[in-house]
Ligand code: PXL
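Single chain ahead, written as structure tokens, the form predicted on its own.
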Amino acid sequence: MLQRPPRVIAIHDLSGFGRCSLSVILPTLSVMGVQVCPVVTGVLSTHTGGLGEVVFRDLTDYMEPALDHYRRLNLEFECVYSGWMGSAEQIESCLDYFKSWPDALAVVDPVMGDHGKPYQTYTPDMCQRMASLAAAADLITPNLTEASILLGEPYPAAPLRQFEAKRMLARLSEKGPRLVTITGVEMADGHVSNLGYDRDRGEYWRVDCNYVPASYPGTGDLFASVLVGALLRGDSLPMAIERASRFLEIAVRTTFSYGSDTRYGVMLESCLSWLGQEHTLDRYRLL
């Protein structure tokens, strides 16, 4: 048993305004009792979702020297968790982090796109390299757009039926990760759901979400962060998916009730205390 909080290396960008990436990952994991060691891939004045011309500083040349320092210190980490990557070189560095702590939970949030389209910086070569990083992970957390990109398939033209969702989860797992989640999936039965697959147990899971007609940046970062924190605390995969889903519901619905500018992200400051409380988790079900 650990005599200290579990530690996570979080390899992400830092956006100064807009509540996404490390600005939400750090407080979320900290309130869940997890020590975060941020490895910053780049610094942005804001996120890139409609807040004007962004000031950006690339920190690729920081990643490998930081890794060398942590190895010299013989530090132990229970998880290495990556997000947005700005270049192929950063992806290669991230793989070096995975190799340096082979027993740690390797988590890849393959931040490549949304709403059926890849982000502008994600060329076909970058998407392929991200797929190689996802293949090295124990857990991946794509949205439906990113899951389609990883599989090299068109974005679904219609809501997914149960067998289609299970097929997509299984095919993603066949590429490497033993645990797979897909977020924000519109299902044929009318629900929007977060889905999961545990290959070792051969089990498929779903947690249905209460829909809100608004979209906020950073929600994928929040989902993945709560998922990581919950797994490190001992939650099963379906429990972790439900914990992350319910926290997002609270944060999104709180923000929506105030009519806040969607570009500013969710008001997690008002909701973080929920993560430090005990809750009955009973909404997950088999897919």
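Heads up: residue numbers just count along the shown sequence, starting at 1. What you are looking at is a predicted structure, and each value in this text was computed from that prediction instead of being measured.
Another form exists, predicted together with this ligand; not displayed. Remarks below refer to it.
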| property | result |
| --- | --- |
| This ligand in the model of the complex: contacting segment from 250-258, 57-65, 39-47, 225-233, heavy atom within 4.5 Å | 39-47 |
| Proximity of D221 to this ligand in the model of the complex, heavy atoms at 4.5 Å | yes |
| Partner proximity in the model of the complex: Y97 to this ligand, non-hydrogen atom cutoff 4.5 Å | no |
| Contact label in the model of the complex: C20 to this ligand, heavy atom within 4.5 Å | yes |
| Distance check, V111 to this ligand in the model of the complex, heavy atom within 4.5 Å | yes |
| Candidate spot Y211, S245 and Y284, all three touching this ligand in the model of the complex (heavy atom, 4.5 Å) | no |
| Within 83-120, the residues that have a heavy atom no more than 4.5 Å from this ligand in the model of the complex | W84, V111, Y119 |
